[in-house]
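Below, in structure tokens: the form predicted on its own, a single chain.
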Amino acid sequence: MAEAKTDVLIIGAGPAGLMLANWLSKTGVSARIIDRRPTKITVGHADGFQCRTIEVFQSFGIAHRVIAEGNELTEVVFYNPDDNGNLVRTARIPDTEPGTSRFRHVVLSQARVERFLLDNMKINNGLIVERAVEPQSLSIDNAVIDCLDAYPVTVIVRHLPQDNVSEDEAAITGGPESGLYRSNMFADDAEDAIPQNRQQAGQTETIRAKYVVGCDGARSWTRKQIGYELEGENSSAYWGVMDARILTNFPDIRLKVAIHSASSGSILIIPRERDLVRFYIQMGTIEPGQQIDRHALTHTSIIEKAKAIMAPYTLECPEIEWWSVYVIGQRLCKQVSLCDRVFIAGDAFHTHSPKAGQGMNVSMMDSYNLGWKLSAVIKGVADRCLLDTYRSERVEVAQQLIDFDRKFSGLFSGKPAVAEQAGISVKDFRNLWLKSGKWTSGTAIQYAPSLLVAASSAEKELLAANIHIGSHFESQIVVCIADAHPVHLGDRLISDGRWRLILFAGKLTQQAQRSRYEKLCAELVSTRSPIKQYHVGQDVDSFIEVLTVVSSERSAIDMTEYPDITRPACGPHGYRKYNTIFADEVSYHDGGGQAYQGYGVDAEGPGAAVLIRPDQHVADILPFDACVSRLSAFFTPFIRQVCQ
């Protein structure tokens, strides 16, 4: 039996697994990612790409691919029955609340999202997915579980012969456009694609890992191995989903549309890329114990139901790219790790309905949260206590998602009140959509105080009233002092495993403020500073990168007059960085000049230092005069590496 070692074994190559693999490949951690299916998906599945997720893709340098290929959603339109039961347009609202993010909600096939991550991790360090590899068993050696250099998790896998594994989903589903093989209404048909005589099926390998992360879906093999279960129930409602190019006289087909018919059910319409349209179609209900005839569920039956709901508007679907059915359910596993050595993420951790566009996004944000923490621990930078924050932060987010989805799905599936008939309030449904706009964009997540999130206080709120500790750092346009280029400050928060300290230095033309700023910069390179204590190699910004934003004019102080720590020398030749100091002023072409106002920082005040985590969430807000001492107090409980 072959044997191998890896720092992290990722089981499952969907969006959550690929996001984690991308993080680890970016930070140079040894990893393997396996998937029992022989090929990646090519059509269908998730399609919503929220603002916050695009911000994260921007931090990896691949957001431009999403924007170039995806379809941006601008408006949501609501259709409801009038007193006579006829469908009428009742409201329009923006799809993304104005001011939420520098990006907008985009829809794009999950297949393309996976491709972008696959390409990026291969570029980073050549990491690729090992397909047609099925895990067989998982065990943990408790004797070495606390040893940093040990490989306590053993996973035995079987490499399935490619010629014995179906490359064509049609062999399983009866048609390449069907997604029933992954529907939560039926058994997992992947079993049919795997040789049943597994003892002779292919080569067996023993993989010893420091950490294992199961990103292997709602029927997670990994979750079952560590004895955990998803808790919750499916509702009685089941829905069809379809991607098609259509013929219709419906006037708003290229807008996002929520339709409640008087008696035929509901539809969510989402205009997709490549002139496709995604339909979520309410099909009916399942009584307790009832079994749905799988063969009765066809794309034809879904289309007929859609026609009934949209009547009197017409609908023809000459080209169907993909379709499936699913049952609405909200389920959650509140235990997401075993001994902080085996973790679960994505659908293995939480499931819900797809109509709010959260599944792929929240799944990737799970592993985005976990990835930098695993990297820091494996590299010896941080103590293993850091990993427990994955549970505390992401379980709360998942619970919020479940609560929202339960309310949202209930209103969407309910029959609307018409005339004197009782039913759901379409006004309540619209108001929920409006109130939840920021949350569904992914930008409203705020982690609670913990090892990685300092407590807020009145002092900190005075320093930066609109920067919220625990939330992601929102972007404003500033102007680079060195080259006059307008820059979204959020674009400087590259996902490379480093922390950032953003110094809002105020008006440096005022001597008192300049002295205060220069004193802080001197303290940041003193022996008691975490920047000095924890950096690796000759680059002083390898652990914390310092960025400066001034409220004085860009031309007031030459670049060479700024302290060295704010424009550090890097690399073997000591080249200076020129993209670390910015002015809050209007650029020649792209606006700006409102960063201090946007962040709630006093442009004439004593300054504020904002500590940003590697995942772009705000860890703390610090006054200049206590910045270094508080930084040291913040990092001491979990950072273990000293300067090398």
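Numbers for residues come from their place in the sequence shown, where the first is 1. These numbers come from a predicted model, not from an experiment.
The discussion below concerns the form predicted in complex with another copy of the chain, not included here.
Taking the partner from elsewhere, Pro98 is found to have a heavy atom lying within 4.5 Å of another copy of the chain in the predicted complex. Contact between Ser555 and another copy of the chain in the predicted complex is found at the 4.5 Å heavy atom cutoff.
Although the partner is absent here, Gly574 sits close enough that one of its heavy atoms falls within 4.5 Å of another copy of the chain in the predicted complex. Taking the partner from elsewhere, Glu604 is found to have every heavy atom lying beyond 4.5 Å of another copy of the chain in the predicted complex.
Only one listed stretch (513-521, 311-319, 538-546, 112-120) carries heavy atoms within 4.5 Å of another copy of the chain in the predicted complex, and that stretch is 311-319. Checked against another copy of the chain in the predicted complex, the residues Arg254, Arg131, Arg384, Arg492 give one hit for a heavy atom within 4.5 Å, which is Arg254. Between another copy of the chain and the residues Glu72, Asp496, Asp388, Asp141, the one pair within 4.5 Å by heavy atoms in the predicted complex involves Glu72. Applying a 4.5 Å heavy atom cutoff to another copy of the chain in the predicted complex picks out Arg89, Arg92, Ile93, Pro94, Thr96, Glu97, Pro98, Arg104 from 76-114, in order along the sequence.
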